[in-house]
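Quick setup: one chain, the form predicted on its own, written in structure tokens, and binding and motion questions come after.
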Amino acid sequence: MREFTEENLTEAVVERFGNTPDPRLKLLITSLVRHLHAYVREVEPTFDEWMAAIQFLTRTGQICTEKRQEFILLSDTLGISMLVDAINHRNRDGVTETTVLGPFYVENPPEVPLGSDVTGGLKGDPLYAEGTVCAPNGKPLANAIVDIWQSDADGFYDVQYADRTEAGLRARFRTDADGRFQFWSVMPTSYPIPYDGPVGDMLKATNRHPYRPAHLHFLIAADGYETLITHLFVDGDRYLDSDAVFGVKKSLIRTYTRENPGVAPDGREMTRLWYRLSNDFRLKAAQPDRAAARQA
């Protein structure tokens, strides 16, 4: 074909991918072409608008570093991350619900003993967090990996501090024989996602705020079970109904109990107000790999 028109261009592009050997890749890329072309036909962008879109995506990539993932922020704020999560985590009856990973997870955080203080010098009201990791039937899962990370009282994660090299409010635990874990941290606070880049420009241009409600992140893994990525949100937070990344679920909202000075569960003498969080996590049994199942 040598004559490409508004009417035949989409099918011509799709046809060029007709010899793609991987059927899943062929579906992904041809569907992408059809949807992108349909979008362009619907909005009829000017050359300047299309160039602005290209420059926006270019800046999104340029601002990414080892400590900042602007494309995850873009995916999150467009609701795509939560949609992908929902599609891949259907049928959660009897197990803990999932939510977005977020842009601040760091692989292989420092592993510390149960009961450790993970604050790393970052500020906040003391929080004693404890929980269990179980199978759907309540059977405790020993030696499960529990990664936690969160913001401090000022709304920042450790990786957002340019002068920090050590982890703070970020750690890995392994559950004991009864599937239990516990640690000392600080109360999480609501905070803005980074909005000094292209994603922030988008939020400002569309009159959206950048805030997330206060929460504590968990990534929990055990042999034979799906890895759980979730948050526990602080009940009463002002941003629960307008989370910038659409990550809130009712089943993940928790009461962080305010406690008076006294003896904490681990015997620590508390001379000031502190908070306590208890939660049981139930993991879903591992399912056959979806990609492998498609090709079988």
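We number the residues from 1 along the sequence you see. Just so we're clear, the structure is a prediction, and the values are computed from it rather than from any experiment.
Omitted here: the form predicted in complex with a small molecule. The next part is about that form.
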Go through 85 to 93, 168 to 176, 208 to 216, 108 to 116 and give me the stretch that gets within 4.5 Å of the small molecule in the model of the complex, heavy atoms only. 208 to 216
Contact check for Ala129, Asp152 and Tyr256 against the small molecule in the model of the complex, heavy atom at 4.5 Å: no
Would Ile193 count as a contact of the small molecule in the model of the complex, using a 4.5 angstroms cut-off between non-hydrogen atoms? yes
Residue-level question: is Val100 within 4.5 Å of the small molecule in the model of the complex, judged on heavy atoms? yes
Interface membership of Phe183, the small molecule in the model of the complex, 4.5 Å heavy atom rule: no
Is there a heavy atom of Val245 no more than 4.5 Å from a heavy atom of the small molecule in the model of the complex? yes
